[in-house]
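Here we start with a single chain on its own, the form predicted on its own, put down as C-alpha cells.
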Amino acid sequence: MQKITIAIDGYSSCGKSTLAKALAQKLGYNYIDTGAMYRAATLYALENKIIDENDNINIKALLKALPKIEVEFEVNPKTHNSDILLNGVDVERDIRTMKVSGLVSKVSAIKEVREKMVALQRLMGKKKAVVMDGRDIGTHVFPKAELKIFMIADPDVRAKRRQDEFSSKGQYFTIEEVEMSLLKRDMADISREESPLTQAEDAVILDNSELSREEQLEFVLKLIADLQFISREEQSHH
C-alpha cells in the first residue's frame, strides 16, 4: 500500500485531532497536530511575558524569541499519543487552557510565526505516511496531499464538545462562554491575512455532527481504499 499524506482541515472543535489520531494509529502513520504547535508558541509568549495582561502581543519581542521556540513531538508511553514538547518540556496539558485557546489565533496570524511552523510541518511530512490536521494543511502546507478532508459540525455540537474537553481537564465554563470563544476563534481563522481557513477545492467535506468516531474513521478509510484502487487502476493502464 503506497504511503500518502492526509490533510485534515476545518473549524475548531470539529473533532479533527480525534479523527487524525485514530487514522494515524490505524494506518501506522505519524500524526502531527499543527494546532498544538501554534499553541506551544502562544504558551511560550505567555510564560515569557511577551503577551501582557491585556492580551497585547509584543510582536518585536516575539519575533526576536522565535529562534528560541523549539517544538517537536514525542510519543507518550502511557497514552501512545504524540505529545508536544516546547524546548524539551512536555506541555500537552498546558497548551489546552482557555487562556491559550483565546490567544492562539492572534499568535498564529503573525506571518513569521506561520512561516516557521509551516517549514517545520513540511519537514515533518516530507516522508509521507503522515496525518496532519489544522486550518491550512490542504490549502497551504500540503496543497498536493493525496487526500484532503474538510471537517464541519453543527455549532451547538462543537460547543458541547469543547465544554466537555475543558471539563475533563478540570476547567469549567458555561456553554455561552465556550460558544463565544469558538465564534471569536472562527472569525479570526477565516479573516486572517496569512493562510486563512478555507476549504481546498479538492477536499472532501465531512460533517460529523451526528457521526460516531467509528463512523468517521470508516468514512475516511473507505476514501483511502478508493484512492488506492484508483491509483492501481491508473498504473495498470500505463
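Residue indices: 1-based, along the sequence shown. Note that the coordinates shown come from a computational prediction; the quantities given were computed from them, not determined experimentally.
Missing here is the form predicted together with a small molecule; even so, the following discussion is about that form.
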property: In the predicted complex, segment of 167 to 175, 58 to 66, 202 to 210, 28 to 36 with a heavy atom within 4.5 Å of the small molecule; result: 28 to 36
property: Proximity of R161 to the small molecule in the predicted complex, heavy atoms at 4.5 Å; result: no
property: Partner proximity in the predicted complex: K99 to the small molecule, non-hydrogen atom cutoff 4.5 Å; result: no
property: is_contact(E92, the small molecule) in the predicted complex, heavy atom dist at most 4.5 Å; result: no
property: Residue contact check: R114 to the small molecule in the predicted complex, 4.5 Å heavy atom; result: yes
